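Only one chain is given next, in structure tokens, and it is the form predicted alone.
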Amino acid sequence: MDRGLDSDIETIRALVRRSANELIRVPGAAVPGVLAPTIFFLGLTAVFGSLTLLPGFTTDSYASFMIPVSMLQGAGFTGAAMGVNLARDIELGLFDRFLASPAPRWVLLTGLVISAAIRSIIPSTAVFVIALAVGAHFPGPLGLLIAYVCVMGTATIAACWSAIIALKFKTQSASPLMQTVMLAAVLCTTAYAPQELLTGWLATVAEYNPFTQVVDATRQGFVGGVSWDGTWPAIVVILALTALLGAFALRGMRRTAY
């Protein structure tokens, strides 16, 4: 293997280890990412659980219908948290040292994004276990695998978006923008009901929101069966948004002076 590639891979590993060490030293940092989607899940299933009685609803378990949304919500918060941490490093001057290192910009961005994708497993698993405890359906091995692919993909997209904002404003004060956009992207979909039962502006937005494909793919197994036709649109959306936002994040990183 080329020595340059060896160094790049080792740098990515170091950034991932740094993220893991932060979580070990400050385990409370993972609490918001777990607490928010859990409260969201329990609250909505308790209040709107009777929606399954509507004609045309695709399942008799609202917990099964909502759990994929909460898993993706946790992934979005995790990706946004990466941006907040990046803004903190910029404020402290630490990120300038990273930029001054021989590591290529894409390597630094990749390490940060992979860290967020891996950390997204924590809140998604926590809320998944809670959902099973309150009666959600087990999606099966394949359904669960697709759900976690979508979770990590969503965290990757959120990390790229939050990196753009962090590099643009260079302050943790921009964190609401990182979080709100991802929250809206996930919730303005078929989060609450099937597309056929949505009305008004939400029905229109959900129809054209690309994240609807991700939500529907994650929901496979929990509600209905798993199919390639229900999966590939989400993969396309995740790859396209990652490429687009990743390119903007990389441009912002290259333009950041040190």
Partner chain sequence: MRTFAVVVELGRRSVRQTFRRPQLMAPLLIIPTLLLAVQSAGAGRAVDLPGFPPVESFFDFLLAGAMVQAALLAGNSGGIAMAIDIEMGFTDRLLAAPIPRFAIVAGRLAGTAAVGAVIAVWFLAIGVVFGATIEEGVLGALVMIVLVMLAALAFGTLGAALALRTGSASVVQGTFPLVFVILFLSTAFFPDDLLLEPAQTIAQVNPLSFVVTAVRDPVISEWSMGELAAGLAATLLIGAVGLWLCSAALKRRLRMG
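Residue numbers count along the first chain shown, from 1. If you're wondering where the values come from, they're calculated on a predicted model, not measured in any experiment.
Another form exists, predicted together with its partner chain; not displayed. Remarks below refer to it.
- Using a 4.5 angstroms heavy atom cutoff to its partner chain in the predicted complex, none of 69, 233 and 243 count as contacting.
- Proximity of residue 132 to its partner chain in the predicted complex: non-hydrogen atoms within 4.5 Å are absent; the residue sits far from the partner.
- Taking the partner from the other structure, its partner chain in the predicted complex has a heavy atom within 4.5 Å of a heavy atom of residue 196.
- Under a 4.5 angstroms non-hydrogen atom cutoff, its partner chain in the predicted complex has residue 45 among its neighbouring residues.
- Looking at residue 125, you'd find every heavy atom of it more than 4.5 angstroms from its partner chain in the predicted complex.
- The contact residue chosen from 121, 149, 183, 164 relative to its partner chain in the predicted complex is 183, the criterion being a non-hydrogen atom within 4.5 angstroms.
- Of the candidate stretches 139 to 147, 152 to 160, 175 to 183, 109 to 117, only 175 to 183 has residues whose heavy atoms lie within 4.5 Å of its partner chain in the predicted complex.
- With contact defined as any non-hydrogen atom lying within 4.5 angstroms of its partner chain in the predicted complex, the contacting residues in 51 to 66 are 51, 53, 54, given in sequence order.
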